[in-house]
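Single chain ahead, written as structure tokens, the form predicted on its own.
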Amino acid sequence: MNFSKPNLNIGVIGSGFMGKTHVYGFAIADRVFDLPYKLNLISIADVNSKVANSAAKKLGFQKSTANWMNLINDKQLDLISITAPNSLHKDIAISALKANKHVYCEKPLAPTLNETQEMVEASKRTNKKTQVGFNYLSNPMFSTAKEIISSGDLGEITSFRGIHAEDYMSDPKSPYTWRHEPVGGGVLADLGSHILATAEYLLGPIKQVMGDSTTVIKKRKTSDNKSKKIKIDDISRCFIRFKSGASGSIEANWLATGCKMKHDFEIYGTKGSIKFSQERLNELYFFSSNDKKNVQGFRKIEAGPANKPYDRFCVAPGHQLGFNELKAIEISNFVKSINNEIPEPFNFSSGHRIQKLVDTIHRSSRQKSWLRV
């Protein structure tokens, strides 16, 4: 009897932070989950041959190249994983779809709404599957939070407060990078996209926004020591109204001194509330007004085997999952969708939806008015 699985051959474009994260995610998913395919890391592309070759040796690829089109044209590959700068996402993704390959693209899907729309249209012209990298949504604590909300334990949801804040741009002397280019998208696209995705994952569609985007550090030095004006947002905030009737706010901030990964939310209802911080990503806090008055307070729900698929990684509660495990969960579900076992978890249409929210918030900020999404 033959128990071998068919191969899913993978090419990765980019070997930086997110490139490595994708590689680790594929490697972990291949060993932790009972997937319908054997995941094979075949080829990696990067900015030049030296970087690409070094990445191939360190990360376990068979081939490397300085030209991402070589991956597109490689008939051995079934899936293209895109971790290149945002401005390249559209051209790479559409080329890969035209070449009859599945596409896994890091967020944001693309810098502009027109580009994401082109990507959605390209995905609809093929039977290949797409995935946008929003791996925080794969946290077992998020699905637990969603179960608590759906069960009615919080009552009618009245309020959401969310923030994604980091400090990697907080030093005014830090240099101008591609993230400061308009095609980089600014902080709302870079970080705010995560908290917007979380808000809609937990509470459903946002119908109206009132945004305020600001550039705090007006100029930065380039690599050749020239001063360049900044045209994108450093901090964006927004009041939001959900289709359900709940309201709330979000903040995206890359000047948040001391914050390394503050992807936090609080949700309040008529019977209870929940709160979460990504810096303690294995914990969810739940308050119920049904508890006796003398013991009321936020209780800690600690991730364990009962919070699927934590059990795939560890049989003991409280031993913690991490960032790379969340990426592995995301990848496992994408691979299952490729085999038509489940719908695409977060496809190009979903990524386009997030870009539509980002675009509407920016327009709202310029017009200083509430806008319907």
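We number the residues from 1 along the sequence you see. Worth saying up front: this structure is predicted, and the values here are computed from it rather than measured.
Not pictured, yet referred to below: the form predicted in complex with nicotinamide-adenine-dinucleotide (NAD).
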| item | value |
| --- | --- |
| Candidate from F346, Y310, F61, W68 lying within 4.5 Å of nicotinamide-adenine-dinucleotide (NAD) in the model of the complex - any heavy atom | W68 |
| Of G133, G248, G186, G211, the one that lies within 4.5 Å of nicotinamide-adenine-dinucleotide (NAD) in the model of the complex (heavy atoms) | G133 |
| Segment that reaches nicotinamide-adenine-dinucleotide (NAD) in the model of the complex - one of 187-195, 221-229, 279-287, 118-126, heavy atoms within 4.5 Å | 187-195 |
| Partner proximity in the model of the complex: E106 to nicotinamide-adenine-dinucleotide (NAD), non-hydrogen atom cutoff 4.5 Å | yes |
| nicotinamide-adenine-dinucleotide (NAD) contact at V47 in the model of the complex, heavy atom, 4.5 Å | yes |
| Contact of A84 with nicotinamide-adenine-dinucleotide (NAD) in the model of the complex (heavy atom, 4.5 Å) | yes |
| Touches nicotinamide-adenine-dinucleotide (NAD) in the model of the complex: F33 (any heavy atom, 4.5 Å) | no |
| Residues of 317-355 having any heavy atom within 4.5 Å of nicotinamide-adenine-dinucleotide (NAD) in the model of the complex, listed in sequence order | F323, K327 |
